[in-house]
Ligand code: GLU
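Just one chain is shown here, as structure tokens, and it is the form predicted alone.
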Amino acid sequence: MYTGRFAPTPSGPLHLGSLSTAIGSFLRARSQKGKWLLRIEDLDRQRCSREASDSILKTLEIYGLEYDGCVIYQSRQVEKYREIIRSLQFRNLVYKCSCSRKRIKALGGIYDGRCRNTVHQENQNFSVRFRNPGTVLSFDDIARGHIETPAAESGEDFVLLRSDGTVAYNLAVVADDETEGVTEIVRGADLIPVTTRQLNLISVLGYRTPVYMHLPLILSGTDLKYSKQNHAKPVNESDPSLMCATAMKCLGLILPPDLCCAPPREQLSWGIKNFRIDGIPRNNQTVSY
């Protein structure tokens, strides 16, 4: 059975970009008569808050985005992730790294494997990195076609556990998609660069390989991606019909005139029937609101 998911980080309320991703993944799942799960990726304790999580749940309800089952919170799954790291450690597929972000930035942002064969003192501050075989260099996106990633990026020994003890995104997302039986991942195009890294980890762990679909990014009038880092405005909850119609337009779905002011549930119902992969724009979409 088709199983999709929406997995926001609760570091603030939903903005147009994240709403568009939620709607795109929802419409795809429902058009396939499949399940649509909700996962809150709240591992970063400094950035995430319960207030933001509650705000996201409220917004999804206002917009008629009804998920299946219970909400999964990553912060409650930490022991599962640590067990995976221990299993990789037993297979010599992880190692400790004391390199700073400053050093890696100076390298151009791609880690050079300096600590692969280094023995660290127990009192050192270190992260844990995946000993990446780098065998997966490309993947097929059902909306964008074949995508290749430079070998240096695909094969980078990326962090699984940060030096402050926080489990890293790339490990948690792979583990949760496997546990929840996600068959297709619909997410923003900004995550294309990490896909082959995740596929290398999936291969080593022996997990099922999901299908991928990356949606266009939504840019502001100044060509910045709508994101919390760029101080994107929260979605307008006082006029959800307009915002829902705008998000759907970014996915290539132009509502009939008589539905432009209809409640979001009616708009989404139309969207489920008319959702087409070949109608999704490949280019990023610029919207001001």
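Owing to the predicted nature of the structure, the values given are computational and were not obtained by experimental measurement. Start at 1 and count along the sequence shown; that's the residue number.
This protein has a second form, the form predicted together with this ligand, left out of what is shown; the following refers to that one.
- The stretch that touches this ligand in the model of the complex, counting heavy atoms within 4.5 Å, is 184 to 192, out of 76 to 84, 184 to 192, 202 to 210, 110 to 118.
- Interface residue among Val167, Val136, Val173, Cys97 relative to this ligand in the model of the complex, by the heavy atom within 4.5 Å criterion: Val173.
- Contact annotation for Glu41: at least one heavy atom lies within 4.5 Å of this ligand in the model of the complex.
- Under a 4.5 angstroms non-hydrogen atom cutoff, this ligand in the model of the complex has Thr9 among its neighbouring residues.
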